[in-house]
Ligand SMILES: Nc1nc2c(c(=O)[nH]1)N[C@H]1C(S)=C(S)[C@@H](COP(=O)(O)O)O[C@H]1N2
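Read the single chain below, which is given as C-alpha coordinates and is the form predicted on its own.
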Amino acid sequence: MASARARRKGAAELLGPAPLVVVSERPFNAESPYSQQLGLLTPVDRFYVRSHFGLNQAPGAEDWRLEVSGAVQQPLSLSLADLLGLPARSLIATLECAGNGRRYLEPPVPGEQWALGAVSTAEWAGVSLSEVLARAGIAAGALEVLFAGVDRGPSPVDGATIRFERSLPLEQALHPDVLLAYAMNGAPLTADHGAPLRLVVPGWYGMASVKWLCSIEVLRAPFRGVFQADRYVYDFGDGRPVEPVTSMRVRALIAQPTPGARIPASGAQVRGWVWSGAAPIAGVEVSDDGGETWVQAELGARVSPYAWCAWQYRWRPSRPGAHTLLARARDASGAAQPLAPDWNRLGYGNNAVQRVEVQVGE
(Lines give C-alpha, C1' and ligand atoms only; values in the text may rest on other atoms or scores of the structure.)
Protein backbone atom coordinates (compact mmCIF):
# COMPACT_ATOMS: atom_id res chain seq x y z
CA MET A 1 0.00 0.00 0.00
CA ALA A 2 1.35 3.42 -0.91
CA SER A 3 1.93 5.73 2.02
CA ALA A 4 -0.35 8.71 2.60
CA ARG A 5 2.62 11.01 1.97
CA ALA A 6 3.36 9.33 -1.37
CA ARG A 7 -0.25 9.72 -2.45
CA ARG A 8 -0.16 13.41 -1.50
CA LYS A 9 2.96 13.88 -3.61
CA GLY A 10 1.31 12.22 -6.60
CA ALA A 11 -1.78 14.39 -6.23
CA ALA A 12 0.37 17.53 -6.11
CA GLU A 13 2.12 16.51 -9.34
CA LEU A 14 -1.23 16.06 -11.07
CA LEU A 15 -2.87 19.21 -9.75
CA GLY A 16 0.04 21.63 -9.91
CA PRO A 17 0.32 23.68 -6.69
CA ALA A 18 0.07 21.70 -3.45
CA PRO A 19 -3.65 21.19 -2.83
CA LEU A 20 -3.39 21.37 0.97
CA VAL A 21 -1.97 24.03 3.29
CA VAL A 22 0.23 22.16 5.77
CA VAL A 23 -0.19 23.20 9.41
CA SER A 24 2.06 20.50 10.90
CA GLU A 25 4.02 17.59 9.44
CA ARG A 26 4.09 15.29 12.50
CA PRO A 27 1.34 14.46 13.04
CA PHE A 28 0.17 15.51 9.59
CA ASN A 29 -2.44 18.28 9.74
CA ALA A 30 -3.43 20.40 6.75
CA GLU A 31 -6.08 22.87 5.69
CA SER A 32 -8.30 22.84 2.64
CA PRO A 33 -7.80 25.83 0.29
CA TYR A 34 -11.43 26.89 0.74
CA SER A 35 -10.99 29.94 -1.50
CA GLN A 36 -10.77 27.43 -4.39
CA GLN A 37 -13.90 25.52 -3.35
CA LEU A 38 -16.19 25.79 -6.38
CA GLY A 39 -18.61 22.89 -5.96
CA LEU A 40 -20.53 21.38 -3.07
CA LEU A 41 -18.15 18.46 -2.49
CA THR A 42 -14.50 18.89 -1.59
CA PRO A 43 -12.20 16.62 -3.63
CA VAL A 44 -10.58 14.01 -1.39
CA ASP A 45 -7.06 15.37 -1.97
CA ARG A 46 -8.25 18.85 -0.95
CA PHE A 47 -10.24 17.74 2.11
CA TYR A 48 -8.64 19.00 5.32
CA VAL A 49 -6.69 16.48 7.41
CA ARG A 50 -6.74 16.31 11.22
CA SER A 51 -4.52 13.78 12.97
CA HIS A 52 -3.72 13.60 16.68
CA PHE A 53 -0.95 10.99 16.44
CA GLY A 54 1.29 9.79 13.68
CA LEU A 55 0.12 6.74 11.71
CA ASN A 56 2.78 5.06 9.57
CA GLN A 57 0.28 3.06 7.56
CA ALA A 58 -3.48 2.58 7.66
CA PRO A 59 -4.59 -0.92 8.71
CA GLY A 60 -5.14 -3.19 5.73
CA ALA A 61 -8.73 -4.15 4.99
CA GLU A 62 -7.80 -7.82 4.80
CA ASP A 63 -6.77 -8.15 8.46
CA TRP A 64 -8.77 -5.31 10.03
CA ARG A 65 -11.75 -6.05 12.30
CA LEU A 66 -14.25 -3.95 14.23
CA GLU A 67 -14.86 -5.21 17.77
CA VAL A 68 -18.19 -4.35 19.43
CA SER A 69 -18.29 -5.03 23.17
CA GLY A 70 -19.40 -3.73 26.56
CA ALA A 71 -23.03 -3.46 27.63
CA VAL A 72 -24.36 -5.50 24.70
CA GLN A 73 -26.27 -8.76 24.48
CA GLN A 74 -24.04 -10.20 21.76
CA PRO A 75 -20.43 -9.02 21.25
CA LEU A 76 -19.46 -8.74 17.59
CA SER A 77 -16.26 -9.02 15.60
CA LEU A 78 -16.88 -7.69 12.10
CA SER A 79 -14.71 -7.66 9.00
CA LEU A 80 -14.99 -5.02 6.31
CA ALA A 81 -16.75 -7.62 4.16
CA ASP A 82 -19.30 -8.10 6.95
CA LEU A 83 -20.03 -4.37 6.97
CA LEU A 84 -20.25 -4.23 3.19
CA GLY A 85 -22.94 -6.90 3.42
CA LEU A 86 -25.16 -4.75 5.65
CA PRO A 87 -27.68 -2.18 4.33
CA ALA A 88 -25.73 0.76 2.92
CA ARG A 89 -26.50 4.40 3.62
CA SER A 90 -24.99 7.62 2.29
CA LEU A 91 -25.25 11.31 3.14
CA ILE A 92 -23.51 14.57 2.38
CA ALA A 93 -22.01 16.21 5.46
CA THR A 94 -19.63 19.04 6.26
CA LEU A 95 -16.92 18.35 8.81
CA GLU A 96 -15.14 21.17 10.61
CA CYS A 97 -12.28 20.89 13.07
CA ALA A 98 -13.26 22.33 16.45
CA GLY A 99 -10.03 24.37 16.37
CA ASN A 100 -10.74 26.01 13.02
CA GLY A 101 -9.83 29.69 13.41
CA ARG A 102 -7.71 29.13 16.53
CA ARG A 103 -4.91 31.24 15.01
CA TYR A 104 -6.99 34.40 15.42
CA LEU A 105 -7.59 34.22 19.17
CA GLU A 106 -6.01 36.86 21.38
CA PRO A 107 -4.26 36.18 23.63
CA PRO A 108 -2.95 33.13 21.73
CA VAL A 109 -3.84 29.63 22.91
CA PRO A 110 -2.05 26.28 22.50
CA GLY A 111 -2.91 23.71 19.85
CA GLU A 112 -2.69 23.42 16.08
CA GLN A 113 -2.75 26.96 14.70
CA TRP A 114 -5.53 26.57 12.15
CA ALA A 115 -6.55 29.52 10.02
CA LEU A 116 -9.97 29.03 8.38
CA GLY A 117 -9.41 26.03 6.12
CA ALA A 118 -10.11 23.17 8.56
CA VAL A 119 -13.54 22.57 7.03
CA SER A 120 -14.65 20.48 4.04
CA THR A 121 -17.65 18.60 2.69
CA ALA A 122 -17.97 15.08 1.31
CA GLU A 123 -20.51 12.42 0.47
CA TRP A 124 -19.99 9.63 2.99
CA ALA A 125 -21.17 6.05 2.49
CA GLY A 126 -21.31 3.21 4.96
CA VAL A 127 -23.57 1.54 7.47
CA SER A 128 -25.73 3.22 10.09
CA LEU A 129 -24.12 2.78 13.48
CA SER A 130 -27.59 2.00 14.82
CA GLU A 131 -27.74 -1.03 12.48
CA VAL A 132 -24.63 -2.53 14.06
CA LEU A 133 -25.71 -1.68 17.60
CA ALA A 134 -29.08 -3.31 16.96
CA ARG A 135 -27.32 -6.53 15.91
CA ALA A 136 -25.25 -6.44 19.08
CA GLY A 137 -28.28 -5.59 21.24
CA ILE A 138 -28.03 -2.76 23.76
CA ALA A 139 -28.10 -4.04 27.32
CA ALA A 140 -29.94 -2.41 30.22
CA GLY A 141 -28.27 0.60 31.81
CA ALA A 142 -26.29 1.70 28.77
CA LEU A 143 -25.47 5.43 28.74
CA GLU A 144 -22.75 6.08 26.16
CA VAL A 145 -20.95 4.48 23.25
CA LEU A 146 -17.14 4.69 23.12
CA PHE A 147 -15.18 4.71 19.85
CA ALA A 148 -11.45 4.06 19.52
CA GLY A 149 -9.06 4.30 16.59
CA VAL A 150 -5.87 2.36 16.00
CA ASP A 151 -3.74 5.50 16.23
CA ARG A 152 -1.72 5.87 19.42
CA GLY A 153 0.59 8.48 20.83
CA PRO A 154 1.57 10.58 23.85
CA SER A 155 -1.22 12.11 25.91
CA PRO A 156 -1.23 15.93 25.77
CA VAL A 157 -1.82 15.86 29.53
CA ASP A 158 0.84 13.52 30.97
CA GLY A 159 2.71 11.99 28.04
CA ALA A 160 1.42 8.45 28.61
CA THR A 161 0.70 6.44 25.45
CA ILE A 162 -3.01 6.50 24.70
CA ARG A 163 -5.40 5.87 21.82
CA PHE A 164 -7.66 8.50 20.34
CA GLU A 165 -11.00 7.73 21.98
CA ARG A 166 -14.29 9.61 22.08
CA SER A 167 -17.79 8.72 23.29
CA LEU A 168 -21.28 9.75 22.26
CA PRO A 169 -24.45 9.77 24.36
CA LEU A 170 -26.47 6.66 23.53
CA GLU A 171 -29.30 8.74 22.08
CA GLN A 172 -26.92 10.43 19.63
CA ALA A 173 -25.21 7.15 18.74
CA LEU A 174 -28.56 5.61 17.81
CA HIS A 175 -29.44 8.36 15.33
CA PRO A 176 -29.75 6.69 11.90
CA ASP A 177 -27.54 9.30 10.23
CA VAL A 178 -24.48 8.50 12.36
CA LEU A 179 -22.40 6.39 9.99
CA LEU A 180 -19.70 3.80 10.07
CA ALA A 181 -18.24 5.11 6.83
CA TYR A 182 -16.04 3.14 4.46
CA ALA A 183 -16.32 5.41 1.40
CA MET A 184 -15.92 9.09 0.61
CA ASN A 185 -17.03 10.80 -2.60
CA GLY A 186 -17.72 7.44 -4.22
CA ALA A 187 -14.37 5.79 -3.46
CA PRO A 188 -12.92 3.84 -0.51
CA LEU A 189 -11.53 5.96 2.29
CA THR A 190 -7.89 6.94 1.99
CA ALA A 191 -5.40 6.59 4.82
CA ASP A 192 -5.48 10.29 5.70
CA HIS A 193 -9.24 10.12 6.13
CA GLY A 194 -9.51 7.03 8.29
CA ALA A 195 -9.29 3.94 6.08
CA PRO A 196 -10.68 1.39 6.19
CA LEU A 197 -13.46 2.64 8.53
CA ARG A 198 -14.30 5.81 10.37
CA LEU A 199 -17.18 7.26 12.30
CA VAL A 200 -19.06 10.21 10.80
CA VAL A 201 -21.23 12.20 13.21
CA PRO A 202 -23.00 14.78 11.03
CA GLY A 203 -23.58 18.17 12.62
CA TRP A 204 -20.85 17.73 15.24
CA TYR A 205 -17.33 19.09 15.13
CA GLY A 206 -14.87 16.68 13.57
CA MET A 207 -13.37 15.31 16.80
CA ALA A 208 -16.47 13.11 17.15
CA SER A 209 -15.87 11.42 13.78
CA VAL A 210 -13.18 9.01 14.99
CA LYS A 211 -10.83 7.81 12.22
CA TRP A 212 -9.22 4.36 11.76
CA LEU A 213 -12.02 2.95 13.88
CA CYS A 214 -11.27 -0.44 15.43
CA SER A 215 -13.51 -0.79 18.49
CA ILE A 216 -16.92 0.21 19.79
CA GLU A 217 -17.76 -0.25 23.46
CA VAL A 218 -21.17 0.39 24.99
CA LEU A 219 -20.72 1.95 28.43
CA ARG A 220 -22.85 2.10 31.57
CA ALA A 221 -20.86 5.06 32.96
CA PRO A 222 -19.65 8.33 31.39
CA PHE A 223 -16.29 8.16 29.63
CA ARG A 224 -13.63 10.47 31.09
CA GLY A 225 -10.69 9.99 28.72
CA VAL A 226 -8.26 12.75 27.77
CA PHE A 227 -9.99 13.72 24.52
CA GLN A 228 -13.37 13.74 26.25
CA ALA A 229 -12.76 15.48 29.56
CA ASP A 230 -9.45 17.35 29.24
CA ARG A 231 -9.62 18.31 25.56
CA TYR A 232 -12.55 19.28 23.36
CA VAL A 233 -14.18 21.27 26.12
CA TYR A 234 -14.98 24.98 26.28
CA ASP A 235 -12.99 26.35 29.22
CA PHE A 236 -13.70 30.08 29.16
CA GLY A 237 -11.52 31.01 32.11
CA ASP A 238 -14.04 33.55 33.37
CA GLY A 239 -16.08 31.57 35.86
CA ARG A 240 -18.48 30.05 33.36
CA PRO A 241 -18.85 26.26 33.66
CA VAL A 242 -16.69 24.09 31.43
CA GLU A 243 -18.82 22.74 28.56
CA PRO A 244 -18.27 19.86 26.13
CA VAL A 245 -17.67 20.69 22.47
CA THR A 246 -20.52 19.17 20.44
CA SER A 247 -22.35 20.62 17.42
CA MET A 248 -20.73 23.00 14.95
CA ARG A 249 -21.48 26.66 15.56
CA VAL A 250 -23.10 28.69 12.79
CA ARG A 251 -20.56 30.16 10.38
CA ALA A 252 -20.25 31.80 6.97
CA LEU A 253 -16.92 32.13 5.19
CA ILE A 254 -16.03 34.36 2.26
CA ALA A 255 -14.32 32.30 -0.44
CA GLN A 256 -14.10 35.12 -3.02
CA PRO A 257 -12.71 37.74 -3.14
CA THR A 258 -9.60 36.75 -1.27
CA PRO A 259 -7.78 39.05 1.18
CA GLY A 260 -5.84 41.78 -0.60
CA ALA A 261 -7.72 41.39 -3.89
CA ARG A 262 -8.08 44.39 -6.17
CA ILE A 263 -11.69 44.90 -7.18
CA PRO A 264 -12.81 46.90 -10.22
CA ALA A 265 -14.96 49.96 -9.58
CA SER A 266 -17.91 48.09 -11.12
CA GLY A 267 -17.81 45.61 -8.24
CA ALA A 268 -17.53 41.87 -7.89
CA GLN A 269 -19.39 38.76 -6.85
CA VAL A 270 -18.87 38.01 -3.17
CA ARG A 271 -19.47 34.33 -2.49
CA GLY A 272 -18.82 31.68 0.07
CA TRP A 273 -20.20 28.83 2.15
CA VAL A 274 -22.39 28.75 5.24
CA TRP A 275 -23.25 25.96 7.69
CA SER A 276 -24.46 25.19 11.19
CA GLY A 277 -24.60 21.95 13.11
CA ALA A 278 -27.44 23.10 15.32
CA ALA A 279 -30.21 24.27 12.99
CA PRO A 280 -30.99 25.17 9.36
CA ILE A 281 -29.42 28.35 8.02
CA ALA A 282 -31.77 31.34 8.28
CA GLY A 283 -29.68 33.87 6.37
CA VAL A 284 -26.35 35.49 5.54
CA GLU A 285 -25.68 39.24 5.69
CA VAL A 286 -22.80 41.08 4.05
CA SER A 287 -21.16 44.32 5.11
CA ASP A 288 -18.67 46.40 3.10
CA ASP A 289 -17.96 48.97 5.79
CA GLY A 290 -16.55 46.83 8.58
CA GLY A 291 -19.92 45.99 10.10
CA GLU A 292 -21.61 49.38 10.23
CA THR A 293 -24.37 48.34 7.81
CA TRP A 294 -25.55 44.95 6.51
CA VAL A 295 -27.44 43.64 3.46
CA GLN A 296 -28.92 40.23 2.77
CA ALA A 297 -27.05 37.76 0.56
CA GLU A 298 -28.71 35.14 -1.61
CA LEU A 299 -28.64 31.57 -0.33
CA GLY A 300 -28.15 28.62 -2.66
CA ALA A 301 -30.05 25.37 -2.50
CA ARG A 302 -29.51 23.22 0.55
CA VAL A 303 -28.97 19.65 -0.62
CA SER A 304 -28.46 18.05 2.79
CA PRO A 305 -29.39 19.04 6.35
CA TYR A 306 -25.76 18.38 7.30
CA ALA A 307 -23.93 20.15 4.47
CA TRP A 308 -22.88 23.72 3.89
CA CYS A 309 -24.71 25.69 1.26
CA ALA A 310 -23.46 28.36 -1.09
CA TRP A 311 -24.29 32.04 -0.72
CA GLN A 312 -23.55 35.01 -2.95
CA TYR A 313 -23.96 38.76 -3.13
CA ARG A 314 -23.37 41.09 -6.05
CA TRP A 315 -21.31 43.86 -4.52
CA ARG A 316 -21.22 47.30 -6.10
CA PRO A 317 -18.84 49.47 -4.08
CA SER A 318 -19.89 53.05 -3.43
CA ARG A 319 -16.36 54.45 -3.63
CA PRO A 320 -12.77 53.53 -4.53
CA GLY A 321 -10.21 52.66 -1.90
CA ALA A 322 -9.96 50.19 0.95
CA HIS A 323 -12.99 48.22 2.07
CA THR A 324 -13.55 45.57 4.73
CA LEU A 325 -15.94 42.83 3.69
CA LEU A 326 -17.74 40.79 6.34
CA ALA A 327 -20.26 37.95 6.12
CA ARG A 328 -22.42 37.08 9.12
CA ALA A 329 -24.69 34.01 9.32
CA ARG A 330 -27.59 33.12 11.58
CA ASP A 331 -29.49 29.87 11.93
CA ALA A 332 -33.04 28.89 12.81
CA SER A 333 -32.16 28.38 16.48
CA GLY A 334 -31.50 32.13 16.77
CA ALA A 335 -27.72 31.75 16.95
CA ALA A 336 -25.66 34.29 14.99
CA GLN A 337 -21.96 34.78 14.44
CA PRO A 338 -20.32 37.19 16.87
CA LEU A 339 -18.13 40.02 15.64
CA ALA A 340 -15.38 38.99 18.09
CA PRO A 341 -14.24 35.49 19.11
CA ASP A 342 -15.62 33.79 22.20
CA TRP A 343 -12.18 33.24 23.72
CA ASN A 344 -11.53 29.97 25.53
CA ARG A 345 -8.36 28.37 26.87
CA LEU A 346 -8.11 25.66 24.22
CA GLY A 347 -9.31 27.70 21.26
CA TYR A 348 -12.41 25.80 20.18
CA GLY A 349 -15.49 26.95 18.30
CA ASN A 350 -14.17 30.30 17.07
CA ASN A 351 -16.94 31.30 14.66
CA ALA A 352 -16.30 35.03 14.77
CA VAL A 353 -17.13 36.98 11.62
CA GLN A 354 -14.34 36.83 9.04
CA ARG A 355 -12.89 40.15 7.82
CA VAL A 356 -11.59 40.40 4.26
CA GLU A 357 -9.68 43.55 3.29
CA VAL A 358 -9.89 44.45 -0.40
CA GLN A 359 -8.94 47.44 -2.53
CA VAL A 360 -11.30 49.02 -5.06
CA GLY A 361 -9.50 50.85 -7.85
CA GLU A 362 -10.14 52.42 -11.21
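Residue positions are given as counts along the sequence shown, with the first one as 1. Since we're looking at a predicted model, the values are computed, not measured.
Beyond what is shown, the protein has a form predicted in complex with the named molecule; the following relates to that form.
Of the residues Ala181, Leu95, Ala252, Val145, just one reaches the named molecule in the predicted bound form with a heavy atom at 4.5 Å or closer; this is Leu95.
Only one of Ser167, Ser209, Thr246, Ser276 lies close to the named molecule in the predicted bound form, with a heavy atom inside 4.5 Å, and it is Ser209.
In summary, the region of this chain contacting the named molecule in the predicted bound form, judged by heavy atoms within 4.5 Å and restricted to 313-321, 40-48, 62-70, 330-338, corresponds to 40-48. With a 4.5 Å cutoff on heavy atoms, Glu217 does not count as touching the named molecule in the predicted bound form; it lies far away. Although the partner is absent from this view, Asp192 contacts the named molecule in the predicted bound form, with a non-hydrogen atom inside 4.5 angstroms. Although the partner is absent here, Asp235 is not a contact residue: none of its heavy atoms lies within 4.5 angstroms of the named molecule in the predicted bound form.
Among residues of the shown chain, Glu131 is not one whose heavy atoms approach the named molecule to within 4.5 Å in the predicted bound form. In the predicted bound form, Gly149, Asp151, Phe164 are the residues of 149-179 with at least one heavy atom within 4.5 Å of the named molecule, listed from first to last.
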